[in-house]
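Just the one chain here, the form predicted on its own, laid out as structure tokens.
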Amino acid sequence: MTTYQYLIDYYRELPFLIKLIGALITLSVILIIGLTIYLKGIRRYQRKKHADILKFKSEYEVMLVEFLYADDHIENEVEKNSFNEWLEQIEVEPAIQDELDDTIKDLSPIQQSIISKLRKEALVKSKRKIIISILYKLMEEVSGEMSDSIKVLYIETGLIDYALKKINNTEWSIKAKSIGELSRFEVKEGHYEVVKCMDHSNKEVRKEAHLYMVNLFQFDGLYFLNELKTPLSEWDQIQILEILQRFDDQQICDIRPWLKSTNDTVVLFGLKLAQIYNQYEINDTLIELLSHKSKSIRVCVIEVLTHLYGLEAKDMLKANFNELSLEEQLSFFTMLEKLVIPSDEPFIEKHLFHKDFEIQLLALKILKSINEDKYKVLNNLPADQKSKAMLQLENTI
């Protein structure tokens, strides 16, 4: 007892600073021990969670594969209607279950049992994510009737309901992800909700909405371009074109309204469609665009007309050449290289010493292709009388 009393008295006699330091050291030791125990608990929990996820994933993979191969004679091809016919059919929205009655009527008892079990499992968010990830993986590995079976499974297990609810989420990332999910599983029932996102303030949401429409309805899905106010980025245009070119058996719609849009990015996209799908019948509309207020559009129009052999445009541009911007003049000479005829020779000679080096070079190449003798005369000029373009072309021959 005297020892404890001695220690207490000794502590009381210590300076305040020493007491404070001692208290801080003691507190730090307690915190370190507590954090160590906490971190070990977290690590143990994470390992258990990871093991549970692997276990669930393994079970679900077996279950989903069993669903796909439970009946080789399932007829689950969803009827494919045109976009307008489809709109008429869902004008009064019936329950999704009623819409798919014809699709799922031939499901075997095993498949129905699997759907029932997965519907219950999907109530848990973590398990729902696992199921969706496995379905994503399966969609990449199968096609035809099996991909249709996966769509049936996605809808019947109620996963579609969660995706449709998330479209209305205020967080843009969740909204974009849900639209991408509906697109991946080709769920047309989400059309009305997706349309509301076409002019969303976030570009990722807009992109997913645009890709959804094109992926599910091809050219019919491009109707959103009629009213699009926000910019259609170059990357979005590339992705849309990639999707459209997957479908070989489709008929391109009339793109003239998009070429007359007040949204310049829509016009540029329409020009890409005109070139890729060889829209010779819209040459008159393209010629009108040569007077568009945007220089980038005018340059693009010249490139498209070059591809479509727009001879009328060539004569018009040649007559107004001096009024064109430098970029347009360069594009016109690229057109002339492809569509040149002997009567264009005087015009070409006039611009052999153009202020722009690239135009000089193109003019020389064109002259050489239509009148090699005259080109040789120019080529024999003294070096000090030749342009840089002549010297470069001479060195490349």
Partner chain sequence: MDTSTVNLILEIFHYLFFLFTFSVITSYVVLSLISVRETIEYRKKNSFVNYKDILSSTISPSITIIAPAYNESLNIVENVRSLLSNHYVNYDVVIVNDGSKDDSLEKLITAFDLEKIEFIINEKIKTQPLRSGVFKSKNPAFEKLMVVDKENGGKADALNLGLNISKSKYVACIDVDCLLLEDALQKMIKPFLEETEAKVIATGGVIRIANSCKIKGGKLIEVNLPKNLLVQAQILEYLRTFLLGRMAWSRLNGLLVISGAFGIFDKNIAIEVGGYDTNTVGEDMEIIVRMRRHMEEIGEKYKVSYIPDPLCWTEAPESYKIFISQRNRWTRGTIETLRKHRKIGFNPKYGIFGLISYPYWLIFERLAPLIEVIGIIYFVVLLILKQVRWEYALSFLLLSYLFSILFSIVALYSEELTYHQYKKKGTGFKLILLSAIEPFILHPVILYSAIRGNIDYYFNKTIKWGEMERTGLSSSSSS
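Numbering follows the first chain given and starts at 1. Take the two forms, find the largest set of C-alpha atoms that superpose within 1.5 Å, and that set is the rigid core. Just so we're clear, the structure is a prediction, and the values are computed from it rather than from any experiment.
One more form of this protein should be noted, the form predicted together with the partner chain, which is absent from this view; the next part is about it.
By the criterion of a heavy atom within 4.5 Å, L362 is excluded from the residues contacting the partner chain in the predicted complex. The partner chain in the predicted complex comes within 4.5 Å of no heavy atom belonging to D248. Looking at D264, you'd find every heavy atom of it more than 4.5 angstroms from the partner chain in the predicted complex. Put simply, F357 is close to the partner chain in the predicted complex: some heavy atom of it is within 4.5 Å. Contact check for Y192, M316 and D344: none of the three has a heavy atom within 4.5 Å of the partner chain in the predicted complex. Only one of L326, L311, I110, L241 lies close to the partner chain in the predicted complex, with a heavy atom inside 4.5 Å, and it is L241.
In terms of contact with the partner chain in the predicted complex, the residue from R298, H200, R128, R184 that brings a heavy atom within 4.5 Å is R184. Contact annotation: the partner chain lies within 4.5 Å of heavy atoms from the stretch 164-172 in the predicted complex, the single such stretch among 164-172, 120-128, 280-288, 250-258.
Taking the partner chain as it sits in the predicted complex, the stretch 287-303 never comes within 4.5 angstroms of it through any non-hydrogen atom. Superposition of the core reveals a Cα shift of 2 Å or more for R43 between the shown form and the other one.
In the core-superposed comparison between the shown form and the other one, K203 has its Cα shifted by less than 2 Å.
When the rigid core is held fixed, the Cα atom of P346 travels less than 2 angstroms between the shown form and the other one.
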